[in-house]
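Take a look at this one chain, the form predicted alone, written out in structure tokens.
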Amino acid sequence: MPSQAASHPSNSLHVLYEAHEGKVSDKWASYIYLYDAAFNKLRDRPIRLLEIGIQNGGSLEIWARYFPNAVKIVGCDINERCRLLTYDDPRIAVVVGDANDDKIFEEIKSISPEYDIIIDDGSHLSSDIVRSFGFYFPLVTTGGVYVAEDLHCSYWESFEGGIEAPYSSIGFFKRLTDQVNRENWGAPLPASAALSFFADHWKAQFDDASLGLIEEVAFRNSTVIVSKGKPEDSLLGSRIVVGKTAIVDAAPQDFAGHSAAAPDQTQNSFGPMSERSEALLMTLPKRVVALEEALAEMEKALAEKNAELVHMQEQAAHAAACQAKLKADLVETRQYPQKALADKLGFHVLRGLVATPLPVPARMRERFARSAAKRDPKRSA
């Protein structure tokens, strides 16, 4: 693209914009220079042009002057006030309605079944941009171009975008670049398979045959130009090896005339058969929440197990204390067997006195009971 500071030929798009005094047209400066370079090869041809989003309609007048041999110049806008737009040039037609509505699409096709240039300057919403491409790229002629303007909006949330938004229109066109390299995918997939996430998310439809004709996807600030060519135009082609002296490596000479052959990538975990990365990104927040919930459950279960462990440790400590007491009693019994026997006999005698039917004072019975309790073998255990 020539510099914006360069001099302009008398019939350049820039000059036409500067001289225009008709209906208002609103374009960023860089677009005018970009279009002058991109459309120059089509300028003198009997082209058909479609612009989605025309606002005041001034661009249609300028396109009519820029393409003197144009057959048809069609503008589409959802704003009902565009019905008030009239033109003296019979080549210019205006369709009022949503370009992504089936009825409006058929009306545009009835004016011309195909277009050499299609420019999307519509709502700038990612959903509309992706759906419009699905609708209208099949109408682009071989050698024609499809342009999406104002893609800076796709970085903004209010236009269904964001720099990391997997569903943004800029993300869609980035993914579209895979179509240029489709012969290297290494899997027998239809061209639309790489766009399945966008098809599902935005309820869009993509034509495999048209996607197979994408020759180039070129990005500039806020714009993308998708060029359609013949099937062979985007192929890598055969390997050209020339020269006779191969001091370093003679192997290339063996591949002269060979065509590219991608190795099988059907088992590649990041290959064409895997889930689309955009879909994975969309489910990531839910997966994080699920992991956090699972972690919370594990922490709860761990706390319960820790409580059980503390209880078991307390029981073990109590059992150890009882065991130590029993060992001590056993040692004492072995060391003082007569005393142990005397205590046992004393216990039974005192229990007998407590239970005797003889007239024994109550206070004495209480003393017998206390003494018996002190000598109770179970108490020692």
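Start at 1 with the first residue shown and count on from there. Only a predicted model underlies this, so the values are computations on that prediction, with no experimental measurement involved.
The same protein also has a form predicted in complex with a small molecule, omitted here; what follows describes it.
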Look up in the model of the complex whether Asp207 has a non-hydrogen atom within 4.5 angstroms of the small molecule, and give yes or no. no
Quick check on Asp77: any heavy atom within 4.5 Å of the small molecule in the model of the complex? yes
Decide whether Val24 counts as a contact residue for the small molecule in the model of the complex under a heavy atom distance cut-off of 4.5 Å. yes
So in the model of the complex, is the small molecule close enough to Gly97 to count as touching (4.5 Å, heavy atoms)? yes
Of Ser123, Ser234, Ser227, Thr223, the only residue with a heavy atom within 4.5 Å of the small molecule in the model of the complex is Ser123
Though the small molecule is not shown, can you say which of Glu160, Glu278, Asp128, Glu215 has a heavy atom within 4.5 Å of it in the model of the complex? Asp128
In the model of the complex, which of the stretches 55-63, 38-46, 345-353, 319-327 has residues with heavy atoms within 4.5 Å of the small molecule? 55-63
